[in-house]
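First, one chain by itself in structure tokens, the form predicted alone.
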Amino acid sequence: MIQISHVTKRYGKVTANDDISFTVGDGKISVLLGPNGAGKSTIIKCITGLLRFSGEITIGGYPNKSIEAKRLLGYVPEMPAVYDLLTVEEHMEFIARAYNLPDGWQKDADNLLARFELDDKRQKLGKELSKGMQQKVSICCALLPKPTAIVFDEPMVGLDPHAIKELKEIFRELRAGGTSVLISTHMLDSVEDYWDTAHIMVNGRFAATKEAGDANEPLEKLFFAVTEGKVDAE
């Protein structure tokens, strides 16, 4: 479970996140929607421990910056984070060693590389990969330790259609396996119908929240009503 309680993040006089609170339960997919500059990436970076903030964030009941929390959390950043001088295969081995994964991780790594069509890129260095391929490697690295909570920041950007299809299927598999999944995106069509809760952000705050079972108003209609200023933020 990912628990965010009254998180505020300021850059000088600018408030990027204003008293944000929400929960991503076990086996649930929550999405953060909103235009560029709404504060989505800032709250993601707070959750993953990359930024200081006021408030409280826990992962599986542990403070988000603790070693215990970091063992549980996977993270796919908006910009792919790969090492220039490591091969694709070495990236997977690095993660396995860093997380002290048990024997058998190679089979999981092989499966991930195959799903994202990276089999023939195993010996390619990080700096030799296109942005889309780097994104695939970043996703594989985040999934390899089998985290119980995982955060994706704009995960579809740069991916080819096959990789997008696989990633969407992985989202469903993670949910079925009890993983807490948080996806931040400004691409409304990329989240389609597999989310459980959608939070729409405007100016660092939640302007609206919609549950998947709420049939009162389509998500797309609500999104544009909020982001185009036709309803007031709560």
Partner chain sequence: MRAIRYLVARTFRNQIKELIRTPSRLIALLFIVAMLGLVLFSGSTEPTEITQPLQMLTALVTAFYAVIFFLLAKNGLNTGASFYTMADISLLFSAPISSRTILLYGLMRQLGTSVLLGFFLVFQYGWLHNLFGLSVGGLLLILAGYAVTIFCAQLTAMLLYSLTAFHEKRHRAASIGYWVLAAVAAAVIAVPAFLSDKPLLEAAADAANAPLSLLIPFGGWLSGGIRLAFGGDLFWGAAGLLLAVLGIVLLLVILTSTETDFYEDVLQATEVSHTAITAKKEGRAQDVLPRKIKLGKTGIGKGSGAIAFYYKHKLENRRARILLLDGMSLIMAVISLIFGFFMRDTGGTAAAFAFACYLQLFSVANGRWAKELLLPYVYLTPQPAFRKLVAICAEQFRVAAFEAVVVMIPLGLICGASPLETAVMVVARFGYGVFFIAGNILVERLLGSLGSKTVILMLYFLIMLLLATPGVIIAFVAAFAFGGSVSVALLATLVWNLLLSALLFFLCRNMLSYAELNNR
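These figures come from a predicted structure and were not determined experimentally. Positions refer to the first chain, counted from 1.
The same protein has a further form, the form predicted together with the partner chain, not shown here; the description that follows concerns it.
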Checklist entry - Does the 4.5 Å heavy atom contact test between residue 150 and the partner chain in the predicted bound form come out positive? => result no
Item to check | Interface membership of residue 110, the partner chain in the predicted bound form, 4.5 Å heavy atom rule | outcome: no
Checklist entry - Wondering, does residue 48 line up within 4.5 Å of the partner chain in the predicted bound form on heavy atoms? => result yes
Checklist entry - Do residue 93 and the partner chain come within 4.5 Å of each other in the predicted bound form, heavy atoms counted? => result yes
Checklist entry - Where, among 194-202, 167-175, 48-56, 28-36, do residues come within 4.5 Å of the partner chain in the predicted bound form by heavy atom distance? => result 48-56
Checklist outcome for this item: the partner chain in the predicted bound form has a heavy atom of only one listed residue within 4.5 Å, and of 159, 118, 82, 129 that residue is 82
Next on the checklist: Residue by residue through 1-20, which ones have a non-hydrogen atom no more than 4.5 angstroms from the partner chain in the predicted bound form?
Outcome noted: 9, 11
